[in-house]
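Only one chain comes next, encoded as C-alpha cells, the form predicted alone.
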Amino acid sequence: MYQVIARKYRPQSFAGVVNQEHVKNTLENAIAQNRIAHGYIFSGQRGTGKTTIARILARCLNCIQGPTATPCGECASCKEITAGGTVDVIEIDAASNRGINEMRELRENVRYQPARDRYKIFIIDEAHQITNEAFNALLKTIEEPPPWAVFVLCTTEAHKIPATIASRCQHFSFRSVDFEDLIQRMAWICQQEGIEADPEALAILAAAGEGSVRDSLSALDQAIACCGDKLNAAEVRALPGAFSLESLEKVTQALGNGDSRSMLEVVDELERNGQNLQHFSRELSRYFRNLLVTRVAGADTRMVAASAAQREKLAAIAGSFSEEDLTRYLQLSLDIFKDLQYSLQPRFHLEIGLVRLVQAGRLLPIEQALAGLGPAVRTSPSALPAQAPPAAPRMAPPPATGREVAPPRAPGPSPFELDRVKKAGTRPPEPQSSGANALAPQAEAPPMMAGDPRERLHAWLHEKGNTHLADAVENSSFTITGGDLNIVSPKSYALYFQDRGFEDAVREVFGRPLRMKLITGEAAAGPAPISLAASSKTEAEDEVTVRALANPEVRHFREVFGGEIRKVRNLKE
C-alpha cells in the first residue's frame, strides 16, 4: 500500500528533524545528563515537528541501548514505537478524548508500571482541546507522577493550556521552518524518489506550506501525482491555485500608469477564468507585502519567501514605487481582502478596491502640498526637498477648455460668520459680483460730517465696486489719531478689515499708509473719540491678530483650504 511522502520520510532521529535546533540540543543534553523531566509541552504551528520529536524522545528513552540521544532503530522497542504498536507509548488525541472521564482513565493507567520498556510515555496531541475540569483531574498526576511516567503535551495554541499545568512542565516553542531549509528538504526527497524538479517549482511548493514541513510535503505529493517524474513551475502553480508573479505584475503596471481600466480588465479576466477572487486578494496582499519588504530590506532579504530570480524581479518592481506608496497599497489590499470575506458581491468589492488603489497612487504627499502653498520661489525644483519620483500621476490634469480659467475669488465671510450675523439679526454682507450687480445702488448712508474718514472710504470703495468693504465701512466707525486709524466694527464685519484691499483703499484715500487698530463692538452713529487706555489689552490682541492674518503665507493658506481662525496667540508672551 502506498505511503504518503510526509509519513514515509518522517524523521526517526533528532538529526533528521528540519530546524528546531534549540529543542533538539536541549533534549539531547537532558538525555546525556540523565535530567529527564516528567512533563513537556511542545507548542508551535502545524507541521513543524512536535509529534515527531515526541516520538523520537520516546525512542531515545526506551531504546535498548538507552537512554540515548541516538536510538538504534533496530531493537523491538524502536521498531514498535515507529510502527505505533507499543503498549508503553500511549498516544491520545485530545480532540476526541477531552472529557474528565478520559482523564480519569489515563490517571488510573499511570499507576501501573510499563509492561516491558523503561518509561511509560503519554503523548497527548492537541492538548488545548482538553476541558478545564479534565485538566484539573490530571493536575496532581502531572505534578507528582510515578518515576516511570513521562507526559508530552503537543498543542498549536499554548495560551489555552492552564497556567497550573504549564508551570509543572518544560515548555518548548517550535519555530516555523525557514524557506531555504524547506526547499533543501524537498530537493533531497525528490532525489530519493527519482523526481526531476526545477528550483522554481520547489519554491512554489515551499511557499504553499508557509513554514510547515507537512503542508509542503503534502503539496509535493500532489504535484508528483499530477506531473509525474518532472515538475515544472507552470503546472505546479496551478495545483494550489497560486498566481504567478506575471499575473500580479498587471496590477503594478496599472498602478504605474494610473490606468483604472486595466484594473477592471484584471477582475474580468479572473472572473472569466473561474478564479477565486478572495484567494486573489490574499495573494495580492502577500505580493504588496513582499514588494514593501524588498523595498525596505533589499533583494537579498530572507524575509521574502521566493526564489532568487523572483526576489530580483520583486526588487526591480519595488524600485519604481516609494515606501509610502507600497505601505498604502498594502493597507488597501488588506481592506479588500477583509471586505471580500463577507461580501455578497465579491466582484464589485474587488473592482472598487482596485480602482481605489489607482486613486491612492495620485495622492500628493502633505509635505509637497504645503511646499506648494508658499511663493513661487519656494515651489521651484531647487527649493523642494529631494524625494523619490512618484510612481503614478499624482494630480489629474485640468480639463482643456478654450478660455482661461478665472482666478480664485477673494474669500468672503465664512459660514460661521454668516451664521452669527443671522442669529444677531443684522444684515449679512452681500456677495461680491461683477457687472451690473457690482454697480447696484446701496442703501442710503446716514448723514455724515464732511471729511469723515468713513464717508471718504465708503465713497471710494463704492466707486471701485467693492461692495463688501463698502458695506463694512458703512456699518463701522473711524477716527484718525496721528498715524493710527482706529476702527470700531461689529464682529460680523471684522474680517473685512483684515483684507489687503482695505489697506490699499486706506493708502489711496488718505495718501499715506496708516496703522490700523481694530476694535470689535457696536459701531457708533458718527465719529466718536475712543478711549485707548480702557481697551489697551483688546487692542494688543487685535494687533497680533491683524499682523498674523496679514502674513502672505497665512492668507494663501486660507484661500486654498478655507476655514475660520478663532484665536491668534502670541507665543512670546
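Note that this is a predicted model, so its numbers are computed, not measured. Numbers follow the displayed sequence, beginning with 1.
What follows is about the form predicted in complex with a small molecule, which we do not show.
Contact between Lys50 and the small molecule in the model of the complex is found at the 4.5 Å heavy atom cutoff. For the chain shown alone, Leu549 is not a contact residue for the small molecule in the model of the complex, no non-hydrogen atom being within 4.5 angstroms.
The closest non-hydrogen atom of Asp88 lies beyond 4.5 Å of the small molecule in the model of the complex.
With a 4.5 Å cutoff on heavy atoms, Thr479 does not count as touching the small molecule in the model of the complex; it lies far away.
Figure note: of the listed segments 305 to 313, 489 to 497, 177 to 185, 193 to 201, the one touching the small molecule in the model of the complex, with heavy atoms no more than 4.5 Å away, is 177 to 185.
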